[in-house]
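Have a look below at one chain only, the form predicted alone, in structure tokens format.
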């Protein structure tokens, strides 16, 4: 390593947030980057630990010690090349990945891991600023055509890798703009959409043809898609939300998170909402059911829209403040985490089951709740009520929507309703069709989607050409 004793001499330091009182007034990113000198110091903290568990903690297997060393020594362009060798879109993961690599860092045994995510983001942002990131079109074309259905991180990674291998790649997106949940689900204050747009421009310059506003399985059926292309990659995500089948679910003011979040993203992008009823949190008491990232995004968006109060309910018990390192490291630990949105003014309550929703004149006004024990059983006498004008359901996703494309293709599904395909070939029960990302593995992280998109591209290239030089 560039500075063998760096972890002994330099304290951990990470990016800061702009004050909550300022950032809730807009939808722009509010993370304050470290200076170049501070970033190099943080890279110097990377240990010569022999077995870098950060490699396995990172789903795309980023070569983290290598580019930390390059940053410390001021070789930023080579660090960018190394970073791109495993990750097509590090500006995405550098902003919205929960950083399992840091949980696996050897220094995390002492709760002071290397600021890997911050350094990764600094490398790629510097690459864009200096013009180092350019299209990489293939030197020759293969004459093969591949359709990639779904333009989220899995579809984007798959399409980019295949285009660079020389295939004629067509990326299909049912919405007006590509990006999947990164564009329509993740709020702009976590990741501005310009990051997605410039990657799409790069991909188009590399030969990817984007077909927006084309819902495969509706606007074009599966048979037609198979006739047009030599292979089809399904990367449509896991969009079927988990519902809450309780009395009062049909009241006005009760919505899925993915009905609420895309509307605000479209407003920020000045994209028409279409023929939908606006869902707004302004001057309302908002209750978010679900304690994950999607619920957190609902909180931050509701606060920016001017909600009177925001309460987040979680059926699981409150996690411990600190994990047991001897049991958890280097794996992702269960512990209490507080997101930037939760810091902005949300009340959080754990071990809560919503039993019914009540309302007036057809609109929700109250949640009737009860506390549950460790076995998820109601605790007698613990009933309570919450005032609510807007209820947002953010309880996760059950898998891909099967109506339409999947049904038309007649694909086999796994026990959870995902498209059945292994992680070696990514091939489905139809030899011409491959599946990757959340559509194959179920609801997961952006970094897992990028990994699967890259690996599926390699398998498709090998299937079409008999061999491949794409990395796995």
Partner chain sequence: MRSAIKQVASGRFGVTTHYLVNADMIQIKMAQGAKPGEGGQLPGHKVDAVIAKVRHSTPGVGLISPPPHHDIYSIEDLAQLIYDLKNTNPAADISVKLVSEVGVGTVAAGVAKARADHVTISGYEGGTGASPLTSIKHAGSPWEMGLSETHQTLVANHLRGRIAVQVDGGIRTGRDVVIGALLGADEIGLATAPLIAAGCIMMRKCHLNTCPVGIATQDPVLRKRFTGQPEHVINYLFFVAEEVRELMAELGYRSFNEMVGQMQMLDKTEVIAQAKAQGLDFSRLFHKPEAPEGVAIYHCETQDHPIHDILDRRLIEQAMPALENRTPVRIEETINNTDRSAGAMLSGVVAKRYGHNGLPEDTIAITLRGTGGQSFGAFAAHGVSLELIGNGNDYVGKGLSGGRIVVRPDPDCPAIPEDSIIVGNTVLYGAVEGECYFHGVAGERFAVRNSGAVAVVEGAGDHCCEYMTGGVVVVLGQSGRNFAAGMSGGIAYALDEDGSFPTRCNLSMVELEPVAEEDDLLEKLHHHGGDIEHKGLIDVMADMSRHDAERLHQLITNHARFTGSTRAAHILENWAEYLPKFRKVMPVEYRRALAELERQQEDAPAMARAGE
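Since the model is a prediction, treat every value here as computed from it, not as a measurement. Positions refer to the first chain, counted from 1.
There is also a form predicted together with its partner chain; it is not shown, and the following applies to it.
Annotated contact segment (heavy atom within 4.5 Å of its partner chain in the model of the complex): 50-58, selected among 28-36, 50-58, 430-438, 413-421. Within 4.5 Å of its partner chain in the model of the complex, a heavy atom is found for none of 165, 201 and 204.
Checked against its partner chain in the model of the complex, the candidates 72, 256, 329, 397 yield a single residue with a heavy atom inside 4.5 Å, and that residue is 329. Only one of 219, 78, 110, 373 comes within 4.5 Å of its partner chain in the model of the complex through a heavy atom, and that residue is 110.
Contact annotation for residue 106: at least one heavy atom lies within 4.5 Å of its partner chain in the model of the complex. Along 2-17, residues 4, 5, 7, 8 each place a heavy atom within 4.5 Å of its partner chain in the model of the complex.
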